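Presented as structure tokens, the chain that follows is alone, the form predicted alone.
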């Protein structure tokens, strides 16, 4: 450890607890991977207990990774395209790197090995100009959003206007946070927005801040998005020079490799200098969010749509991430009720070979059989198939990639990314991953009845959406590919309710 370099860096670092993650990230980039010695030195500088900093350091996987490390993604799409063949004694295996359209993905430091290309359409191809947000009253903006029918594009689908209205009803000071921590396998749409149209995102974010009269604006960005980070920083400089951030303290907060921090209350914990573990609700962030202040949290794509709505040139649509066994993996703007076949054939270059299974909206959205190719990707239509639209991340898996392997890799992702706070999620996802691995060898780790008990417990008692939604793909696989689960025995028969 370069003691002189460490001392030089430390003396420029702020001491507020809310800057802990930023400080750890800087230490990693400017001094080296966070060791116990570096952690203790930072704790002393920030006047924090050593244990407080150690528990944060141990939670975020990338803080211990050298900045020039070679990282190989082995998420389901990359795994289906031979990613494990790229592992050697030097590469680090990671569950998702957020570049699923380029699978199999390898990062060398911040650089994508092989470079980045874009396959896209729609508003992502328009000039990323700098516009002054329209001067409308808060009531006018909320009413425009209400009339548009815009819902959150991060997965939950909550009406955008309701969030804004709820924050407005709380006394200030208020905060706005851009959730740019998309980390679910297959989801790349926010990266496309930030890399191709960062000023459009900032336009929506500044509108949000002005409408709710926020004094602070934060963008929480996942660590793997180095290109997005550079382009956001340049766009922020443009906004500052144009005077569009006057009176609004604006910061870019860089995550450290924890998928769970995409859950909004886990993100708040992370920003406040703690492990990214979800909070019990209520209170909701709109009531008590960052540092106890009313906080509006919106997804990147949602805010891009807000800007377009207020410009007056928006039609109801969304961005669909498409990856896997298709001709042109990428990000495409299409209608809210597009079918899988229309999306794949009309935008993503068609199927490559015969599909075995399709994930319609991200890892937690469920798994569909090829028979569902003509199903509209709406919440109502997908509910009939036991799935959801989620983050609109469509992943197509080839016939050679068994649905059981897909399920095993999906449960491995959830097991690794669980924050470990609640027992059903912590143990349940690991147990389900183990069940799937055993089934790949024709063995049953537990009975079907026991698996069903785990699924029910996770759905009903997990604190956040990770544990609550993880059972969806398992139940889909049970229904669509029952022969794969024969070693578990028959499904339990529900007893009729007593009169």
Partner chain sequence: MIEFTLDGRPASAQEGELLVHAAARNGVFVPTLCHDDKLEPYGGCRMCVVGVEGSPRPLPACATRVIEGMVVSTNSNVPQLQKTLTEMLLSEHLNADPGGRPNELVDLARELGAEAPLILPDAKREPYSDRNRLMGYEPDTCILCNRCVRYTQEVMQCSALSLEGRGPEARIVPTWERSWLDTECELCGGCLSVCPTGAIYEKFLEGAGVEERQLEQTKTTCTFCGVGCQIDLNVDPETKRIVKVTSKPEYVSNEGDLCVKGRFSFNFVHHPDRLTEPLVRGEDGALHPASWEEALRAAADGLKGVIRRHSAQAIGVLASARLTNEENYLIQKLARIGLGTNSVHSCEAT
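Keep in mind that what you see is a predicted model, and the values were worked out from it rather than measured. Residue numbers count along the first chain shown, from 1.
Below: the form predicted together with the partner chain, not depicted.
258 is the sole member of 208, 297, 145, 258 with a non-hydrogen atom lying within 4.5 angstroms of the partner chain in the predicted complex. Here is the short version: of 168, 419, 235, 372, the single residue with a heavy atom within 4.5 Å of the partner chain in the predicted complex is 419. Here the chain stands by itself, but in the predicted complex one stretch of 273-281, 180-188, 242-250, 372-380, 273-281, has heavy atoms within 4.5 Å of the partner chain. Against the partner chain in the predicted complex, the set 22, 45 and 225 makes no contact: no member has a heavy atom within 4.5 Å. Using a 4.5 angstroms threshold between heavy atoms, residue 49 counts as touching the partner chain in the predicted complex. Contact check for residue 470: every heavy atom lies farther than 4.5 Å from the partner chain in the predicted complex.
Under a 4.5 angstroms non-hydrogen atom cutoff, the partner chain in the predicted complex has residue 423 among its neighbouring residues. Using a 4.5 Å cutoff between non-hydrogen atoms, residue 330 does not count as a contact of the partner chain in the predicted complex. With contact defined as any non-hydrogen atom lying within 4.5 angstroms of the partner chain in the predicted complex, the contacting residues in 53-82 are 54, 55, 57, 58, 59, 60, 61, 64, given in sequence order.
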